[in-house]
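Next comes just one chain, in C-alpha cells: the form predicted on its own.
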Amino acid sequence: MCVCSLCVSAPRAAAGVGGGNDFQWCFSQVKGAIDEDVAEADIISTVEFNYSGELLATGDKGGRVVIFQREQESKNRPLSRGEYNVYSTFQSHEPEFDYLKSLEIEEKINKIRWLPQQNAAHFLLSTNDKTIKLWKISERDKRAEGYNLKDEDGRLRDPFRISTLRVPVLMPMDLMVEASPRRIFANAHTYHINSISVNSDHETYLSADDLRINLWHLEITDRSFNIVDIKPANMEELTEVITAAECHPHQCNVFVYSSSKGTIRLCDMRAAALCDRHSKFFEEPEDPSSRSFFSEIISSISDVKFSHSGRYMMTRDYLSVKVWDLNMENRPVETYQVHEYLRSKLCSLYENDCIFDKFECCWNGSDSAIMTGSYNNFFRMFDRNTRRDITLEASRENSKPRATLKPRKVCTGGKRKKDEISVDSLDFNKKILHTAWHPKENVIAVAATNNLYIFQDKMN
C-alpha cells in the first residue's frame, strides 16, 4: 500500500460547499500497487461508502472485497481527519461454470451495497453476474477459556475424570475481523446482473439484469418476485435492455430503471404485482439535426441515481450527466457535458470499444454537487447552484506532500496553452468508471484501474 498527500486546488462551489471563496481539495491517500503491469484480477470494479461513511468497500475483477475503515482522529492533530486503512479483505465470489449452458461465470464483483447498521456488525450485499451474497462483517476481541469438556488445546476430556465444574470466562485477544456469508441468493437471473439496490424498508432489495428485475426479501433465498420483465416472445424483436435500476430512498414502493435507448421508467409496486406498465416515463426528445450513426449508442444510460432527498434523479450517458425532476418527464432540468470534446472522436472510440464503457455517477451528501468519471484518469465535478465545473486528475505524479495541483483542461484544437492537454494525447486505457462520495463530508473515493484514490477538502 502506498499513501501520499497531494492538494488539488478547486473552486469551493465545485465541491458542493457554500460560499464564494476558493478552497483546496486535498488528495490524501492512494491504495494499490504501483506496478506498470496490472493483473486483470486487481482492477477495481465497484466502490461504495457505507451509510455513515466510516467504512469504504471496493470490489475487484478477482472476486475480492476490500473494506477500509476510517481511523479515529488523532489527539495530537484534532483538525486532521482519519485516514482509511484496510479493515477486512475476503473472497466474495469464485469463478464458476454453468454446465447446462456451457458458460463461464466470472468472479468479478459488479456491485456492492451496504445495509444500514442495526447493531455492532456490518452487512453488505455483493454480486457478480449471477449470484448475490449477503455478508456479515463482525469483530471479535474475546475468546472463551475454561471449558469443562475440552482441554485448552481443544481436545475432548473424559467426562468420567472430571471432578470439578468451572465457569468458562471470556479472555481478551487480538482483534479479529470476520466476514461470513449469511445468505446466498442464486439461480434467479438468466442474464447478467447489472444492479442491486436496497429498499428503504431495509427488508427487501431489487436486482436487475438485461431483461428482468427481481424483488427479494433479505431473509428468503429460495424465491424472489419478478417485478419487471421486458423479454419479448421473439428475441429477434428485442430493441432495448435494462442498464440500471434503483429503489427510491424514502418510498419503498417506488423504483426506477433505465434502458439502452436513453429512457427511464418509474414504477410503483402498489399499482400491480408486475410493473411492466410504468407510472412515469422520462425521455428527452432527440434533436434530428444532431443524429448520427452513434446516437443510439451514446444515448444509452449507464447509471441512474436518486438524490438523497428523493426529489431528483441523475442519469449518466456516454457524453453527459442529466438531472431529472421526478415531477417533469419530458426533459431534464439540468444537463452537464462531461467530455463533449470526444464527440469528434466517436469513430475511433467505437473501433476500440471505449464507446461502450459504462461510467457511474454520484451525488454529494447535500445533493448540491455531482461527480462522474472520464478518460485519462480525469474525473469531473459539477456544482448545481453555481453551474461551475472542474476537471481533476487521479495521478501518482507530482505526489510531493501537500503539493497543489491545478484543475486540468483539455484543448480541442488550435493553439494549446501551457497547462492544457490535447484531446489527441488522452489515454483511453486510463478511465475513471467508479466513484463514490462520502454521505456527510467532502471526501471522495475514485477508482483508477487497480488504484483507489481518496480526496478530501483541505483543512487549514
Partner chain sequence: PNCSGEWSRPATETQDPNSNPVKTEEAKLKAKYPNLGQKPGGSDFLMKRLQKGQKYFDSGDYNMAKAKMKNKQLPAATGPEKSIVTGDHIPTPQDLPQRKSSLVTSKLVG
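These figures come from a predicted structure and were not determined experimentally. Positions refer to the first chain, counted from 1.
Beyond the structure shown, there is the form predicted together with the partner chain, which is absent from this document and is the topic of what follows.
- The stretch among 159-167, 82-90, 215-223, 386-394 whose residues place heavy atoms within 4.5 Å of the partner chain in the model of the complex is 82-90.
- Only one of the listed residues (330, 72, 118, 239) places a non-hydrogen atom within 4.5 angstroms of the partner chain in the model of the complex, and that residue is 239.
- This chain appears without its partner; in the model of the complex, the one residue of 297, 177, 274, 186 with a heavy atom within 4.5 Å of the partner chain is 297.
- Residue 124 falls outside the set of residues with a heavy atom inside 4.5 Å of the partner chain in the model of the complex.
- Contact annotation for residue 52: none of its heavy atoms lies within 4.5 Å of the partner chain in the model of the complex.
- In the model of the complex, the partner chain sits beyond 4.5 Å of every heavy atom of residue 246.
- With a 4.5 Å cutoff on heavy atoms, residue 66 counts as touching the partner chain in the model of the complex.
- Applying a 4.5 Å heavy atom cutoff to the partner chain in the model of the complex picks out 89, 91, 94, 95, 97, 101, 102, 103, 104, 106, 107 from 87-114, in order along the sequence.
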